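This document opens with one chain alone, in structure tokens, the form predicted on its own.
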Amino acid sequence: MTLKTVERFALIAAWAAVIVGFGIALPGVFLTWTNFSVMFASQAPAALLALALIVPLTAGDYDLSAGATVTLASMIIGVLNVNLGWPILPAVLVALAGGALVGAVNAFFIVLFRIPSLVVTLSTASLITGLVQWMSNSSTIGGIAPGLVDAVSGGQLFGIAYAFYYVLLIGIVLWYVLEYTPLGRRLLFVGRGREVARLVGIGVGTVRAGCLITSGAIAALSGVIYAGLLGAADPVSGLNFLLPAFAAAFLGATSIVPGRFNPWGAIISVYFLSSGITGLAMLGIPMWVTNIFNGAALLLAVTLSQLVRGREETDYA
């Protein structure tokens, strides 16, 4: 077995080890289909957010506003559907358009004015957070239409709520685009070297703008799913998905396709991290350990992804 094969499947092996470890420590509690079905559904917004993040990351940009976009999308649905009485479908479409608009605003400042993506998206995240607080009066809006709840968590396939399958669908689309289309190749070229990509005729600015808009739209979809899972719009908790989603995006870049951000690695990483946190919670570990776990996971994931990516670039050269 080669080193690359080990790297590709190391994360899956680590996830299996975590499951076995907590299964031994918590017999009859952790290793239940109910536990995993709940985890697969409840972490769907985080998995979608991780998928949103890997799109601009592939092109070399960061989207720190994605977590706030999750909250914005869910709140748009709450305000339009509950407070203003809109049908749920138009409310969802406006929420998705709102996410794309956030991405377009980010792209405008990042591409046109050449401001670093970290600065722009951190600023828009703060603006969105304030907007959401104003829209909601800092309160949760409950009573979202049952149609959305049924489409997200009301029905099940193989005992798992539909929310999980939306993650798989978006993952399949991104995997196909990144692996088998010219657009995916252009994204990789832009992420590895913008000047070289520009010299070979790739519209670098257009590619980066498209990635940021796509990230905003997928983050908004995460907010739609989150609203469907809760049956309500929460003005703050969507932000809590950002750190584990970034950790999953970078950790996923160390496996499946080592050295590259990839959807399957990101999805597996979300559930690997969630399995660890769920097991620790069942063991009675205090909740503040979750923040330490997520922070350490992000630091380790970024370090490992940089090491793997650096080695891949050296091998390629």
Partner chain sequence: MRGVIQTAALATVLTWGGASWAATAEEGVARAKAQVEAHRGSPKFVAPGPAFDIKACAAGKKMLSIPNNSTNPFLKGIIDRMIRAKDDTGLEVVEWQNQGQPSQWVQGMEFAAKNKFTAINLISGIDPKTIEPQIKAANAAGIKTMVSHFYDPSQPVNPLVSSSVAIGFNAVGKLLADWTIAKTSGKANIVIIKSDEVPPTAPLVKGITDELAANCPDCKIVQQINVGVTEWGTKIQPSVQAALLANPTVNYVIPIYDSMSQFVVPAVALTGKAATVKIATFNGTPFVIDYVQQGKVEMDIGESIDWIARATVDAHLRDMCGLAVPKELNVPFYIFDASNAKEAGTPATFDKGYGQDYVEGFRKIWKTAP
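Please read these numbers as outputs of a predicted model, since none were measured by experiment. The term rigid core refers to the most C-alpha atoms you can superpose between the two forms while keeping them within 1.5 Å. Positions refer to the first chain, counted from 1.
Not pictured, yet referred to below: the form predicted in complex with its partner chain.
*asked:* Between Val207, Ile88, Ile213, Leu229, only one gets a heavy atom within 4.5 angstroms of its partner chain in the predicted bound form; which residue is that?
replied: In short, Leu229.
*So in the predicted bound form, are Trp175, Leu178 and Gly203 all sitting within 4.5 Å of its partner chain, heavy atoms only?*
Checking in the predicted bound form: none of Trp175, Leu178 and Gly203 is within 4.5 Å of its partner chain.
_For the interface check, one of 246-254, 263-271, 58-66, 39-47 should have non-hydrogen atoms within 4.5 Å of its partner chain in the predicted bound form; which one?_
The contacting stretch is 39-47.
*Look up in the predicted bound form whether Gly143 has a non-hydrogen atom within 4.5 angstroms of its partner chain, and give yes or no.*
Output for Gly143 is yes: heavy atoms within 4.5 Å of its partner chain.
_Phe164: touches its partner chain in the predicted bound form, heavy atom cutoff 4.5 angstroms_ = So Phe164 does not count as contacting its partner chain.
_With a cut-off of 4.5 Å between heavy atoms, is Ser139 one of the residues that contacts its partner chain in the predicted bound form?_
Yes, Ser139 sits close enough to its partner chain in the predicted bound form that at least one of its heavy atoms falls within 4.5 Å.
*At the 4.5 Å heavy atom threshold, is Leu31 in contact with its partner chain in the predicted bound form?*
Leu31: no contact with its partner chain in the predicted bound form.
*Is Phe293 among the residues whose Cα moves by 2 Å or more between the shown form and the other one after superposition of the rigid core?*
For Phe293, whose C-alpha is compared between the shown form and the other one after core superposition, the shift is 2 Å or more.
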